[in-house]
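The chain below stands alone, shown as structure tokens; this is the form predicted alone.
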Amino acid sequence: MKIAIMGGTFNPIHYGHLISAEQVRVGLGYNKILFVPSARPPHKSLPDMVSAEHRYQMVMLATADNSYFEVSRIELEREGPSYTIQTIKTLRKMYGPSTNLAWIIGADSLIEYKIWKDFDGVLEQCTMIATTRPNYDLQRVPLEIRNRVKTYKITGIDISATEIRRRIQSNVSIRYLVPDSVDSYINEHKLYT
């Protein structure tokens, strides 16, 4: 069994996340992609971060039509900061040692590896898959880190949650940046306004 985990704030989830997950699943032969919304990200204190429950619900809506996608509440149900190493260790116990676990990360996030709690431990517990991002030069990531992760080239979709939040605050359409169900949820709950 091969499971790739896509963790993140998903504030909000968008087509860039979904395309990355699906291309990793198909291209690298994973049986399932497990989305793990971060409840309390230790390194992100965004003033416009909506509640973990709202972010979880948006991920549920965005992934509902893909039978290979599953969403976990693991970090929402755990107290304290949402550390990747704790999540990986818990998932390792749940799925057993024979399951091939991978963690999907945007290559641009690799530059922040020094602030991760027990980054070396994460690399010992699972394969790290760094997906490419448009206009991001991987040479910015130290060679010692690039050599320890698997880089995977995906279709270049330049969508960011930051830009989506900015568009909402400016009353500009986000159609075709997020699934329609997520757009409707954001409007219904008046998120990011």
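Heads up: residue numbers just count along the shown sequence, starting at 1. Worth saying up front: this structure is predicted, and the values here are computed from it rather than measured.
Same protein, other form: the form predicted together with a small molecule, not shown, and the subject of what follows.
Interface residue among Ile157, Ala64, Leu28, Leu138, judged by heavy atoms within 4.5 Å of the small molecule in the predicted complex: Ile157. Shown alone, this chain has one stretch from 91-99, 71-79, 118-126, 105-113 that lies within 4.5 Å of the small molecule in the predicted complex by heavy atoms: 105-113. Residue contact check for Arg133: one or more of its heavy atoms lie within 4.5 Å of the small molecule in the predicted complex.
Contact check for Ala161: a heavy atom falls within 4.5 Å of the small molecule in the predicted complex. Interface membership of Arg165, defined by any non-hydrogen atom within 4.5 Å of the small molecule in the predicted complex, is confirmed. The small molecule in the predicted complex comes within 4.5 Å of no heavy atom belonging to Ala4.
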